[in-house]
Ligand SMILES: C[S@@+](CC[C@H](N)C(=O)[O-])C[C@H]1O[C@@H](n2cnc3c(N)ncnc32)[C@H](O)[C@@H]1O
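Just one chain follows, in the form predicted on its own, and it is written as structure tokens.
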Amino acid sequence: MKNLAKVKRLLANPVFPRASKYDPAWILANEMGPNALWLAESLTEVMPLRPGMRVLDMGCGRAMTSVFFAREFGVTVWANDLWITATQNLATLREARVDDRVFPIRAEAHALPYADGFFDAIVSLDSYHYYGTSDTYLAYFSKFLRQGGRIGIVVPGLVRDIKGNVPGHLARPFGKSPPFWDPKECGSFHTAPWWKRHWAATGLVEVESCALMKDGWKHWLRWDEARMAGGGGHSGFPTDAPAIRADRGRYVGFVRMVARKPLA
């Protein structure tokens, strides 16, 4: 790996001590977006997970977060993704020696193969905004959660609403990097108040926590610097660092939300 010492230093983030224990080479080989292990650890600060719980890790990518939840909290995980096959993720799980506790599933978000009320908790890191912004999706998604269970998400989001044109530093290219703001990707970015209203209005869940992740933009920038120092990671995505550095948390960050399905 290129610049291993720099990558290790950047990924040893004191804010996320659990995630910092994981091998930087393994993280970069399996990444598919801003450090999902950091997002997962941030979520667990406000969402309790207990040994033996059945957890759906929705949009798990290459199953890094599923490994993390199983190892760190002793839960049993169903690692669900559309883009990565179950066979591919099984190899990752076997390598991590958690294939007895994490079960890979390939399924589309609107055609999930689970029984109603099966899961004690549902988590989604850097994924839910791709499929969960419609007014009706939570009614479908929450049926897989038992009464009293929790859903927790961390998604890229907005600090404030963008009124009018997208700010220039987000809309223009930086050198060889394309503009950060791609309407197909960023059109589903919303503020924390938007997400809270979106879920609370359904009457299906009680929102317990919804706010911007503290210093989210700084963690995003640190992650991207580590990824690029290590050669660009597995995903090959262009760097977000110039736009995130120019923005400095004025518009872009992460929204963290947890809601509970009421008891009957």
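Values in this document were obtained by computation on a predicted structure and should not be read as measured data. When you see a residue number, it is the position in the sequence shown, counting from 1.
This next part talks about the form predicted in complex with this ligand, which is not shown.
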Just one of W194, Y131, F73, F189 has a heavy atom within 4.5 angstroms of this ligand in the predicted bound form, so which one? Y131
Under a 4.5 angstroms heavy atom criterion, identify the one residue in A200, M32, M228, M53 near this ligand in the predicted bound form. M32
Partner contact check in the predicted bound form: of 74-82, 143-151, 94-102, 176-184, the stretch with a heavy atom within 4.5 Å of this ligand is 74-82
Close approach of D116 to this ligand in the predicted bound form, 4.5 Å, heavy atom: no
Are any of the heavy atoms in A109 no more than 4.5 Å from a heavy atom of this ligand in the predicted bound form? yes
Could you tell me if I122 has a non-hydrogen atom within 4.5 Å of this ligand in the predicted bound form? no
is_contact(M58, this ligand) in the predicted bound form, heavy atom dist at most 4.5 Å: yes
